[in-house]
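Have a look below at one chain only, the form predicted alone, in structure tokens format.
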């Protein structure tokens, strides 16, 4: 099915058509780097990394930009609290953010511009807005005049008075209208500043994204993404100033992802209920976190809790155990399998087998879900169904028995390659998880217990053999008797 994307601006799904055929220009708002990265900072990057993976799979050439806001009131306040400079704090927190992206396998970002690197471009846009009557200087500040834009409020589908009433508006006697927003702020003594036609100062938040996105991607972007909480005022203001400056449509598809929720409360730094990635990864694997963030449709809220993460971790365990089974059957690692990187029809063979027909159907279901507004939740459901089908086939054909048929093994491997292909689109299973035993000594001790149990069974001491299994079970260790021997895993 053709790719369809929900556009916040039009409030409907639209068939995906890019500005330039075959190319996608995508911009996603990045963090203000004044505190360590928390899980909320990872929602957008994980979602749009998956969007890029799928678009690339469909044959598009995708350029993806994520900005870094390294000058802002929050940075200034936090640096003062810590007794450091804004520059030092921003560099340290940016390094933390990049490390978190790497751990969660967010690999698709092409450019990460810093706001402080693009001050001249911001000043140029402000000059143009003033010249066109959309902005004005006042007491060293520069403001965008919202009354100059007849379309202001179209992204939120509300008129300016409603927007003003429903949001925190920065109060200033320098403004012509209460809803006007700052493009440039005069700096106070001791604050970072740059020279400008209006005196020393620093840029406002909204102008940063307009300047960086248009510098790297052009006047009209194909996709602009970000959290639902950025729709107003950030994206509304970004849209107004960009189109007022260029006279061209700024974005074809506005995509807003849902936010994390803890129970009935959203997760936010302002509330104080955020969970830092460094702390989270001490208890849960990065792959578990990534799968949690993709487990619902991207426009829906994401339910966060330790219980939910544990549930996702257990479900990943089914895949890991299957990868061990694949290695026993085929003699090589699932992680070494080469998977297609571009979409092509799946050949079910001639005549097609019932198993490969089922694999083909589930593959189509998975790809149809992603083609329907990047529905990763539905796609993951199809991935679990494929896992079940692969295990069922291995059981029915007794692929772990010495007398197995090699043509059945070949058929099985074709199905496994589809699992590799589809999971790669979600950024999953790029490397093996940490060993279930943790280190070599634990593995050796477990092998000793397995050998002792085998000796007990050989001596018909079934009570001892059962006791070893039961005591290990109480410790959360599960023994699995297989045709090739006994294995173990954490429960």
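Positions refer to the first chain, counted from 1. Note that this is a predicted model, so its numbers are computed, not measured. Rigid core (definition): largest C-alpha set, two forms, superposition within 1.5 Å.
Keep in mind that the form predicted in complex with the RNA is not shown, yet the notes after this line are about it.
Scanning 219, 276, 315, 357 against the RNA in the predicted bound form with a 4.5 Å heavy atom cut-off leaves one residue, 315. Of the residues given (111, 194, 232, 335), 232 alone sits with a heavy atom within 4.5 Å of the RNA in the predicted bound form.
Every residue of the trio 227, 257 and 325 has some heavy atom no more than 4.5 Å from the RNA in the predicted bound form. Contact annotation: residue 76 falls outside 4.5 Å of the RNA in the predicted bound form, judged by heavy atom distances. Heavy atoms of residue 53 never reach within 4.5 Å of the RNA in the predicted bound form, leaving it off the interface. Under a 4.5 angstroms non-hydrogen atom cutoff, the RNA in the predicted bound form has residue 261 among its neighbouring residues. At a distance threshold of 4.5 angstroms between non-hydrogen atoms, residue 455 is out of contact with the RNA in the predicted bound form. Considering the RNA in the predicted bound form, the lone stretch of 337-345, 103-111, 82-90, 296-304 in range is 296-304 [heavy atom distance within 4.5 Å]. The partner is not shown here, but in the predicted bound form the stretch 32-53 reaches within 4.5 angstroms of the RNA through a heavy atom at 32, 38, 40, 41, 43.
The rigid-core alignment places the CA of residue 17 less than 2 Å apart between the shown form and the other one.
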